[in-house]
Structures are given as structure tokens and as C-alpha cells.
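Consider the single chain below, provided in C-alpha cells and representing the form predicted on its own.
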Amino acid sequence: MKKLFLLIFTTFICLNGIAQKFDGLANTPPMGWNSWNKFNCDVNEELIMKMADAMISSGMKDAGYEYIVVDDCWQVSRDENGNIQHDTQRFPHGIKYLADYIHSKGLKFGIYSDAGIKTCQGRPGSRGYEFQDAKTYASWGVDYLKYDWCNTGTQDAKASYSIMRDALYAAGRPIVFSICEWGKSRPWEWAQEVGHLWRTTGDIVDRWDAMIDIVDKQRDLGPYSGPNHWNDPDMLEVGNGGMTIEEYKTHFSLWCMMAAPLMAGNDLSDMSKETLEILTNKELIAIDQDKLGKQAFCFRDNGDYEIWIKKLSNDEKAVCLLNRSDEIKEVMVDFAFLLKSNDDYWTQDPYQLQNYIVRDLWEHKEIKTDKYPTFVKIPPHGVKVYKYIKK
């Protein structure tokens, strides 16, 4: 009986230690940059350092972005001892050198691997080498791991990702764990105890229809998301050229409303004024980074016109009016009614509009709410985003 008690007690202590290691690394959705959407496999040391420099000079670091993540194609082989080897032509000084450079800029460094035998681009995956790879990443100074799901055969997702989680814990360095399983096994139902964020869909494409399709798939996932466990609708396409400025504003707004990780995927060294203004909209970023960590819900769906609501800390609220149509919409808005509206997993006492300032987060100005009805024009594929700020 004494041995059984000691076994149970030891198991409890170990599990509690794991939970403590997991906590606190992603209290708000991670913000940073990833190489894949713009550069795919065409990555190298000079490019990544250039992106780190641009994150600072552009003001993105000041806006809250902190991770520089190298996606697939940095790795080429394993040595005779099974250690993962980087591409020496593209990364002549090695990955630790790159991580050290990024850290010297006050940023954090992320890397990519795969739960299968090969990555999506046919490079060596981590299956069977999880503990060895995690130890290597820790020695390099990695802060963030994106872990993909190509070439996994009949592997069980939860088991495979749990192995890498345990490997990261054993390596002893705090590393944000990004599960990139594409939502195939409904990770929102199990991944809270495994990783810090999990992809909910397949890869994003730089088109309006593809982006809005991902939004549609997030509608019912709000209850699964929160501090240290985030639904991930994939990286941002803002600035890559496949959508209009209005569509990119909508893209960014909806990601912020959904408390999604904000991982830019464009060329940070060559941004238009409009792209930079979208990515560094601090008022929208504050909605995304709100400490309460609530994902917005679709309060009203009138076909081409939707209203999304996000509860914020301090009894505040954000409202997004979405025009999915190809034409300008003029809609009637009752700001008092929207302030009082709730979803089925959030109950509060009725709000009083006179206790709040309503602010337009794209126009960066307060709006008058004393007139009724109030008519608002929304551009095609556009949004209006408001924040109710307590006086």
C-alpha cells in the first residue's frame, strides 16, 4: 500500500511539473513572422536576418510582434549519430548563430519540423528522433516550434504530438509548441494539454474566398480557445498581393476578433504604407491580445452581412460588422442593443451605453451614438470594427 501511495504521489508530482512547464508561454496569442507564405523553400540565413531587422525598423516589434520563425527547408539530412543537419549552403554559420542574432535584437526564434518521417517538402522529419531533436533545438536557443503533419501514415495525432511535447519538456527550455495538424482529428478537443496553439484548418491561400472559408470554420470553436491554448486559423497573408486592401483589413480584423495567433507572412523589408498600417494597427492588436482571451462569436448572420462580437476584459466589448458581398452595404446599427447582446457561454448584467465610449478602430476616432437609427456604410468585402470602452 505504501509503495502504491508513493507511485501515485510521484505521478501526481510529475504531471504537476509538466503542467507548470506548459503554463505561461502563450498567455495571449503569439505574434511574429513566418517564412512560408511569401518565401516557401527559398529561405537562407541572410533573408531571415533581414526579416528580423525589418521587424524592428518597421515598428512591428513595437506593435507586439516577437517571433521570427523559419519554416520548412532549413534541414537536409541527419549525421551518423542521427543529429539533424541544416543546409550549410543556405545557413553557413548554423542555426544557433541565427538564433543568437535574432535574440540580440530582442526577438525570439522559431523553427519547423514534422511529426512524420519527412516534412511536407521531403526533408527529414522528427518521427523517432523527437527527444534528440528537442534537445538540439534547446541547445540552439529555439523559442517556438511549428510541428507539421505530413508523411505520418497511420500515426495517431494526439500520441505523436504528445511525444514531442514530452521531448520539449525533457529538453528543459521553454518552447511554444505550435501543432500544425490542419484540424483533421479535431485537435481543439484534445490539444489543450499538448500544445499552446493548434491549426483548425488546411493551409490558407491568399484569396478572399479561401480566407473567408477559414473564418466560417471557426464559428463554433470559441469555447475551446483561451490563454495558453489557442485556435489557429493559420498565418496572415496581409501584403502578399492576392487580396485588396479592404480584404486584407477584413482578414486582419477577423483574426484579431477570433483571438488568433498573428503570424505575418509577407516580406517585412518591402511593405507598402497600407500593409504596414494594417499589421501595426495597435487598437486591433489590443483586441487580439486582450488578456481575457475570448474568441469572437457570430451574433447575427444575415447572409452577406454578419455581426461578430468579442467579450473583452474590464467589461468591455468589440463588435465587427462584416460585409461579405461584392457591393457597398448601408446597415442600421443599434449600438445600445449590441452592447447588451451576449452569447450562450457569457452572461453579464445589462450594460448601459452612457457608461461607454464607442471607438472606430480603423478610423481611430470616437463615434457619436446618441442618434437612432445610425446608418453605417461598409465597403465590399469590408468591415467596421468598434470597441466599447468603459468611461
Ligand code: GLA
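Numbers follow the displayed sequence, beginning with 1. The shown structure was predicted, so the numbers you read here are calculated from the model rather than taken from an experiment.
What comes next is about the form predicted in complex with ligand GLA, which is not displayed.
The candidate spot formed by 36, 71 and 235 lies fully in contact with ligand GLA in the predicted complex, as each residue has a heavy atom within 4.5 Å of it. Residue 203 is the only one of 189, 216, 203, 304 with a heavy atom lying within 4.5 Å of ligand GLA in the predicted complex. A single residue from the set 212, 312, 120, 138 has any heavy atom within 4.5 angstroms of ligand GLA in the predicted complex; that residue is 120. Ligand GLA in the predicted complex is not approached by residue 161, whose heavy atoms all lie more than 4.5 angstroms from it.
Heavy atoms of residue 101 never reach within 4.5 Å of ligand GLA in the predicted complex, leaving it off the interface. In the predicted complex, ligand GLA sits within 4.5 Å of a heavy atom of residue 180.
Among heavy atoms of residue 290, none comes within 4.5 Å of ligand GLA in the predicted complex. Of the candidate stretches 223-231, 75-83, 264-272, 142-150, only 142-150 contains residues with a heavy atom within 4.5 Å of ligand GLA in the predicted complex.
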